[in-house]
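So this first bit is one chain, no partners, the form predicted alone, shown in structure tokens.
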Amino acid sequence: MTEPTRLALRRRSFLAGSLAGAGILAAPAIVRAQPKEMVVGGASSQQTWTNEIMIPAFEKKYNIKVVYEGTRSLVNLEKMQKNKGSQYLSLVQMDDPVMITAVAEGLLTPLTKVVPNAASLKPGVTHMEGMWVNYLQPWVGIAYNTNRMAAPTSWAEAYDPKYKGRVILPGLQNTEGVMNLFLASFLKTGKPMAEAQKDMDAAFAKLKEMKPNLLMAYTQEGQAYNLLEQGEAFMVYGSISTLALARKARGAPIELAAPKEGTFSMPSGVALVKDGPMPEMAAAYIDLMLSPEIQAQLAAATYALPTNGKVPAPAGLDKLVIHPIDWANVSANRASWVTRWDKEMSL
């Protein structure tokens, strides 16, 4: 074999090896370009806006497949507990009281340092040094039948004898029902709302004054709102904006009043799962959720208040006072409150 021939063969071997090596190096890039799958654990009630607004925006921006498992907060907590050390959820959307338990069990990791838009959040929506934040504030008011009564301006109005047998309350199994305890204590004592939340004797004493006006207390809201639409009930005392205003939008004769004493927001938290897969993408998902453009879309779709301070509140709600809730106190005492409710508020 001549020297030129040997040189040509060595050159071809070198090129073949180089190309093979390039293929090895290029393969991960090809894999990285393929859509990946990230799992979000949330509430089934959030499925619609998640699928219609949040997931399409995120998948388009990052070319990553998102799977949303819609269930309940406690179910998501159980998933994290059972899979500790081998988590498959990347982030969770859960009620604030359940977040407290998740933090105590070491299931979450702080998010504020890896989520830039967290710096733009309103006061009072970042919790436990950034372990979770609220992404929306569905607010609680008095839903009323516009054919039966004028807009109530105060939480005290439901105690007026003219509403005998016309008021519906949520039970304490529903979080909005717990907030009615705080309002009752506030009306009874005149204490600042933060202090009134701790005075349950005053709360139950005041709520018992409303018993002649009660038509029912509910755990499932469907029947309650049907009675309100039909005019059998005049008001639902402690109604969530996402429920009442969605029915109004479908043509029901319902409006939601924001009483002058202020109100509360429903717990709508989002957090990073500790040691969850794809942590960078999970942080990016939360960051997009908190961005002004997505916040504006979500607030309009859910009839809730945005939590990003750069996004204006819906018309008429810019001065709405949202009182903070001591969720640790709720978590520690809710079971005993439910027992007391069953004894003292039964009709």
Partner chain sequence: MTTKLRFDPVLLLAVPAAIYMVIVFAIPVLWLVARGFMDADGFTLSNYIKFLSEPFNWVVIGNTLRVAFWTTVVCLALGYPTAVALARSKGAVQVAMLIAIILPLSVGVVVKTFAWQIVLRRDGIVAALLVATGVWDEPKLLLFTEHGLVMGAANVFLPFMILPIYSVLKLADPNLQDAAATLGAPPVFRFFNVALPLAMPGIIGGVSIVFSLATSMYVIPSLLIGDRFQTLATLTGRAFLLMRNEALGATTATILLFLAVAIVACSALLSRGKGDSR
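Residue numbers count along the first chain shown, from 1. Here the structure is a predicted model, which is why all the values come from computation and not from measurement.
Although it is not shown, the form predicted together with its partner chain is what the next lines describe.
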Query raised in the report: 106 to 114, 250 to 258, 194 to 202, 69 to 77: which one contacts its partner chain in the predicted bound form at 4.5 Å, heavy atom to heavy atom?
Result: 69 to 77
Query raised in the report: Just to confirm, L227 within 4.5 Å of its partner chain in the predicted bound form by heavy atoms?
Result: yes
Query raised in the report: Would L272 count as a contact of its partner chain in the predicted bound form, using a 4.5 angstroms cut-off between non-hydrogen atoms?
Result: no
Query raised in the report: Does its partner chain come within 4.5 Å of any heavy atom of L172 in the predicted bound form?
Result: yes
Query - its partner chain contact in the predicted bound form: D160, any heavy atom under 4.5 Å - result: no
Report task. Please pick, from Q223, T153, T146, S120, the one residue with any non-hydrogen atom lying within 4.5 angstroms of its partner chain in the predicted bound form. Result -> Q223
Report task. Go through I100, V133, M179, L214 and name the one with a heavy atom inside 4.5 Å of its partner chain in the predicted bound form. Result -> L214
Report task. Please state whether every one of the three residues K164, E232 and D342 places a non-hydrogen atom within 4.5 angstroms of its partner chain in the predicted bound form. Result -> yes
Query raised in the report: If we check its partner chain in the predicted bound form, which of the residues in 322 to 338 reach within 4.5 angstroms of it by a non-hydrogen atom?
Result: R334, A335, V338
